[in-house]
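Consider the single chain below, provided in structure tokens and representing the form predicted alone.
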């Protein structure tokens, strides 16, 4: 495996200024420290597990220190990249001259406003911490698909934001109420409404977003800039009603969890005879405005996550594969009712819709209540997705009308079958889309998962081929937005842009206007030229 070690160094004057601004203990060029940020095997198309080693690591504790870092980088022509809780290559150095800005010292929940239903957080607060405190107040939050150990600020401001509860909590980008943003110039921009504490320190602000060009759209667009447009240091986010208990007694970890499912929660699996009835039923579920959580976790995904050895052995039995294939048109659905009447209403609506479309509603068996209830509420299962092969990749995922999402799943399966045949990835029965609807069916999401082992050179090499095939299919079949194809940066924007109102030209103009020297690491966004 290639280990990309930079031959570039930081000027002595810049080192002195970093140490002066942050203190010796919060700045390091030690290779041992820097290498800790360079092992990022997830979601990159190059083989192996290493990305570029940053030239240095900085640990700011405030917005002012982030500004100081950005200004020092500008003066010395150094690239920089913000890193919060991290979850892949997109949080690390995309080039060989990058100063990593690790935001772990900015880890506070700054304000709760229960009346207006928002919370203000810093970059390193994770979803689990916020959710635990929110539940005590009768609220819940949207947790994105990476899981509860990740930062909602990093996800909402800078990356995709789909999550299992999208039917009731939407996606991360639509949960932002305000941000504090250190621009690539080093100036601070405040958008939206972001809290009311520390008025004397100037932390309170209101900034209407529109009419006219939206700075929110410039800030993150659909997928976020992945650190390519500066650093976000505060965010206010929505709170949602929580129908569960204020505190939950939890024993065990992940797969051996012991938790009592509340009586007002119902966990089901809804199965249908074909793709059309499955999709039509979902539209009706959305119109009925019921449900706390809805998601298709494919048979392959559940087996790969919970029983990966069994999934590998299934390949030898065509009969078993056919049986499992018959279960493909399904979604999981959870009701979180506010009263007995609400429970009855939502249950009867769901049962009638599923029955009208020829399907069946299966209640989760009692032995699985602990695992399914808490894992779905807490979004604690994503780490086990890596069990099947050590890594996974994802394609498509352009959020569109759900019929378009169905096409993404169908074509994704066709493409993947070819790669499964050549052993470029593990055989997951090919049908492995992770799919859901947002905001009661307003739009949907479907991404095609790909289990592989990044330590296998041949498998690693073919990830790029698979990503290109899916990007080409997006264009050929008009499969909505670029989705996860955007992970390839400028190359994919140049392919998709001409078919999408030349958005790539405008995106580059925005990048150049805000960051003319291209110093805010844009490996996973777009360059200014």
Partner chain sequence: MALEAYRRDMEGCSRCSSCKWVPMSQMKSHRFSQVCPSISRYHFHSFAGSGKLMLGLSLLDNRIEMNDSVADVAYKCTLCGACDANCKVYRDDIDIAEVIEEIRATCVENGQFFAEHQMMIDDLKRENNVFGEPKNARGDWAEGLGLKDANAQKVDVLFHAGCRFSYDEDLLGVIRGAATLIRDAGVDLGVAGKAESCCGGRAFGLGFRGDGKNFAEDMAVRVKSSGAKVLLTPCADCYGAFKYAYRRMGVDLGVQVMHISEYLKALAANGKINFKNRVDRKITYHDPCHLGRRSEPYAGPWEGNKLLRPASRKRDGRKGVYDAPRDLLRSIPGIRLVEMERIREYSWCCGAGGGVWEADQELSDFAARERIEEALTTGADALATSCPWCERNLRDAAESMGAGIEVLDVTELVARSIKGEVIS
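Since the model is a prediction, treat every value here as computed from it, not as a measurement. Positions refer to the first chain, counted from 1.
Beyond what is shown, the protein has a form predicted together with its partner chain; the following relates to that form.
Student: In the predicted complex, does residue 261 come within 4.5 Å of its partner chain, counting heavy atoms only?
Tutor: Contact check for residue 261: no, nothing within 4.5 Å of its partner chain in the predicted complex.
Student: In the predicted complex, does residue 185 come within 4.5 Å of its partner chain, counting heavy atoms only?
Tutor: Contact with its partner chain, no.
Student: Residue-level question: is residue 168 within 4.5 Å of its partner chain in the predicted complex, judged on heavy atoms?
Tutor: Outside the cut-off, so no.
Student: Residue 470 near its partner chain in the predicted complex, any heavy atom under 4.5 Å?
Tutor: Contact with its partner chain, no.
Student: Within 4.5 angstroms, counting heavy atoms, which one of the listed stretches 104-112, 439-447, 353-361, 413-421 is next to its partner chain in the predicted complex?
Tutor: Every other range fails; the passing one is 104-112.
Student: Looking at its partner chain in the predicted complex, is some heavy atom of each of 26, 59 and 254 within 4.5 Å of it?
Tutor: Looking in the predicted complex, the three residues 26, 59 and 254 all sit within 4.5 Å of its partner chain (heavy atoms).
Student: Out of 372, 303, 149, 337, which one falls within 4.5 Å of its partner chain in the predicted complex, going by heavy atoms?
Tutor: Flagged contact: 149.
Student: Between 128, 406, 288, 215, only one gets a heavy atom within 4.5 angstroms of its partner chain in the predicted complex; which residue is that?
Tutor: None of the other options qualify; the answer is 128.
Student: Could you list the residues in 53-91 that come within 4.5 Å of its partner chain in the predicted complex, counting only heavy atoms and keeping sequence order?
Tutor: Residues within 4.5 Å: 53, 57, 59, 83, 85, 86, 87.
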